[in-house]
Each structure stands twice: as structure tokens, then as C-alpha cells.
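Taken one at a time, structure 1 and structure 2 that follow are two forms of one protein chain, written as C-alpha cells.
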Structure 1
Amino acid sequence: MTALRVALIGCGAIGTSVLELLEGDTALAVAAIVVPEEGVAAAQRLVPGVPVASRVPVAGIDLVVETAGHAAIEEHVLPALARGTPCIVASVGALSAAGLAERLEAAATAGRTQVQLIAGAIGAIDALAAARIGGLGSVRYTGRKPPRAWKGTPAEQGRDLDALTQETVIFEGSAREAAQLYPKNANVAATVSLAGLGLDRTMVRLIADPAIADNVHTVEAEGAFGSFELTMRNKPLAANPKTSALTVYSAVRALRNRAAALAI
């Protein structure tokens, strides 16, 4: 069987981890790594033997996977979809930007292809999306992370994260607001929203907790189907504590499902 030729957008913490996990996979071949022009030389040193470019190649690519954020979706994913190349998007939080989800859908429709949003660091997305069909009443997401995971975010305004001695609620509101204020932490909130009630009707609470070392995600949903509560305690990605390691595994699973004869 011919290997699926993949263009990987981004060579940061998630992208490099995806590359490591795909090493030796005969069903998937990373045919190109796409980074900004100024990062091409560094990426070439990091991954010798893999072509590095500042644009997704127009030919020779079967699938695009994005691990680089909002700008990459605008610059690379939308054009790839429009010319008919299927894409996998990891930066789901970027879809909190007004109109971006609709633009992705329109580009995929124009190219007669599909864009897939990965579940990332959270589970039960299949159950939530199924429950929406029957009628969802409420969905609430709570994200609890160590204080260091909130550094460089609005959580630092008016408080010293290093001095926290007990759990502190740093945000409470809609998923859209959460994703806009905490874009590097709120992919889960956006994913839960898009599978369920949408960005404006999904309630979010974000917590800095000095008593934990893992990233803890809880989803509570009620509706015609009944109710469920899911809690996941994810190890943070060593290279980036704002991201759960499960995000990388989710991206690799999505890639392997594209190449597999039997997928689940």
C-alpha cells in the first residue's frame, strides 16, 4: 500500500512530537514540513531529510495536518482545502474567531473535501456530538491546571501565580470568551463547544490549582439523552505545559485513521 503523503504545518512542541511518533510508520510519510520563512533554516537542522518549506506544496500532498495556530489556518489550511486537499486541524481554539469555522466549511465545500477537528486533550466528544442530535440542555467545561500553565495569560493580571496556595478561579464565562482570552489553553473549551451547544452557550470555568501537577478537564452535559460527567487528568506535554500530551496522541490517531483500513 502506498503511504499517505502528509504536509505538517508547524514544527513546535506539538509538531515535533507528532514527527517522533510517526517515525517508522509505513502507512504515513511526512512529505513536507511547513513553517514561516524565517524558521525554515532552523527546521531543516531539526529534521534533516524532510523537505521544509514556507508554503504547503500544491502537488504531491494527500493530507495536511495543522499544529501551528490561527495564522496557519488562515494562511495554509484554507487554501489547501479550496484546492481539494483534506486537512486535520489541531488548533480548534482558533475557531472562536468570528466567521472562521464558516470559512473553513466553505473552503472544504468548494474543494469537495473535508476538514477534521481533532478531539485533542478531551474525550467523550463522540458522545457529546451524538447527544446534540437528541437535544442538549446544558454543557459545562471546567479546566484545572497548575499555576505555571497559566503564565503569559490574563490570569497573571492582579495576582502572583507563583504565590497561590489554594485553587483560584481565573475565568468564568462563555467558551467564546475563554478561547479568545486564553487561546493557548482553551482548545478543549472550543472543541467541547463545537461538538455540543456552540461557543456562546457552553459555560466555562478555568482554575489555577497549586495542588495538582496534571491538566484536569471536566465536561458535564445534560439533555434528552440523560447526563454524563467526564473527568480526565492529562500529563502536560514536556515541551509546553499549556498543552496536554494527549493532544499529540489525538493528532497522530487522526492521521493513522486516515490511512487505516479499519478505523475507530
Structure 2
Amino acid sequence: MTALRVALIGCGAIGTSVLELLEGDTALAVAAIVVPEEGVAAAQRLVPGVPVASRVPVAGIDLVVETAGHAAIEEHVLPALARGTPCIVASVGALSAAGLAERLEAAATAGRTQVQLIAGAIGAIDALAAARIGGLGSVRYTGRKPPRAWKGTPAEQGRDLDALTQETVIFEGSAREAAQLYPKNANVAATVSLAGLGLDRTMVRLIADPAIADNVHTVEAEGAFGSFELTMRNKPLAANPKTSALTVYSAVRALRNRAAALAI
């Protein structure tokens, strides 16, 4: 079997961990790592065996995986799709920006290929996306984090996060509003929205809870299929406490499924 030649965009917390997990994989070969121009030399020192570039090579790549952010989707994913290279995207929160989802779709259509959004830090995306086919009535996402995790966000306005003694709802509204006000926390809400009722009809509640240490994600959905409640208590990635380890596993699963004879 010839290995799929993968271009990995971004070599930060998620990218580095993806690389580690792909080491020795005979079905997937990382053929290029793409980082901004100024980071090429440093990334090359980090991974001496793999070519590092500031662009996705136009030849010799079967699959692109993005773990870098909104700018990288614009710079690298859109052109790769238009050239006909399938792409896997981790920065799903970026699709809350007006028009980006449509532009990804248009580029993939032009290239006769596909862009896959990973489930990342959240589960039950398969159930939600399947339930949508029968019709969804409501979908609500609740993100609960320790107060310090909300520092540097609008949650600080009018309250002292360090002084909270009980759980406090810091935001309640649509996923679209949540993405505008809390862009750094947009990945899960955007993923749930895209799989379910969309950014305007997915309700989001964000909570600062002094009684917890981990980030807790809850999704409640009901519709023609019945209903479900899902709670995730994700462990952070050692390299970046803001990123769940599950996001890395989700990206690696998506990659392995592309190469697998039996995908699940």
C-alpha cells in the first residue's frame, strides 16, 4: 500500500501532537509542514526529517490537514481545495465568520473535492448530524469553565472573575453572537451549529464556575429522533492547556479514516 502524502498546516500544540501520533504510520506520510515564513527555520529544527515550507506544495500532496487558524484556511486551505486536494479542517470556529463556509464549499466544488470539518473537542457530532435529517427541534450548547479561563474576554466586564463564589452565566444567546464575543471559544459552538441547527438557531450558554477545574461541554438536542444530552470533561493537552487532547485524537482519526479500508 502506498502511503497518503499529507501536508500538515500549523505546527503548534495540535500539529506537533498530530505529528507524534503519525510517527511510524505506514498508511500516512507527512510530506510537508506548512507554517508562516518567519517560523520555517524554527519548525525545520523541530522536525528535521520533514520538509517545512510557507506554502502547501502544489505537487506530491494527497491530503491537507489544517491545525493553524482562520488565516491559514484563507491562505492555504481554499487554494488547495480549488486545486483538487481534499482538506481536513480543525479550526472549525473560523467558519463562524460570514461567508467562509460558503467559500470553502465553492472552492471544494471547483476542485471536485471535499473539505472535512473534524468533530474536535466535542462528541455526538455524528448523532447530531444524523438527527438533523429527521428534523431537529432545539440544540443547546453549554460551555462551563473555571473563572480564570474567561480572563481577557467580555466576561470580565462588570464583574471580578476572581471573586466569583458560585457559578455565573456570562453569556446566553445564539452561536453566532457567541462566536463574535468569544472567538477563542468558538470551535465547539461552531461545530455543534454546523452539524445541527446553524449559527442562529443554536443556543449557547457560557458559564464561569469556581467549583470546577476542567472545561465541561454539554450538548442537549431534541427532535424527531428523540433526544440526547452529552457531557464531555476533556483533559487539556500538556503543550497547550487551552486545547483538549481529544482534538488531536479527532484530527488523527480523520486522517487515518482517509487511509483505512474500514472507516469508523
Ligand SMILES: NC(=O)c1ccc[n+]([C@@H]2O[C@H](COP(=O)([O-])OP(=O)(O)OC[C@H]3O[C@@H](n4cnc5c(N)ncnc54)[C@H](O)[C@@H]3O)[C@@H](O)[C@H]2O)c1
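Nothing here was measured: the structure is a model prediction, and the numbers come from that model. Residue positions are counted from 1 along structure 1's sequence. In this text, rigid core is short for the largest set of C-alphas that superpose within 1.5 Å between two forms.
Eyeball the pair and call it: which is the form predicted in complex with the named molecule? Structure 2 is the matching one, since it is the form predicted in complex with the named molecule.
Core fit, then Pro210 C-alpha moves 2 Å or more between the two structures: The answer is yes; the displacement is at least 2 Å.
Aligning on the core only, does the CA of Glu156 end up 2 angstroms or more away between the two structures? Glu156 C-alpha, core-superposed: shift of 2 Å or more.
Does Thr168 show a Cα shift reaching 2 Å between the two structures after rigid-core superposition? Yes, its C-alpha moves 2 Å or more.
Once the two forms are fitted on their core, CA shift of Pro146 between the two structures in Å: That residue's C-alpha sits 3.0 Å away in the other form.
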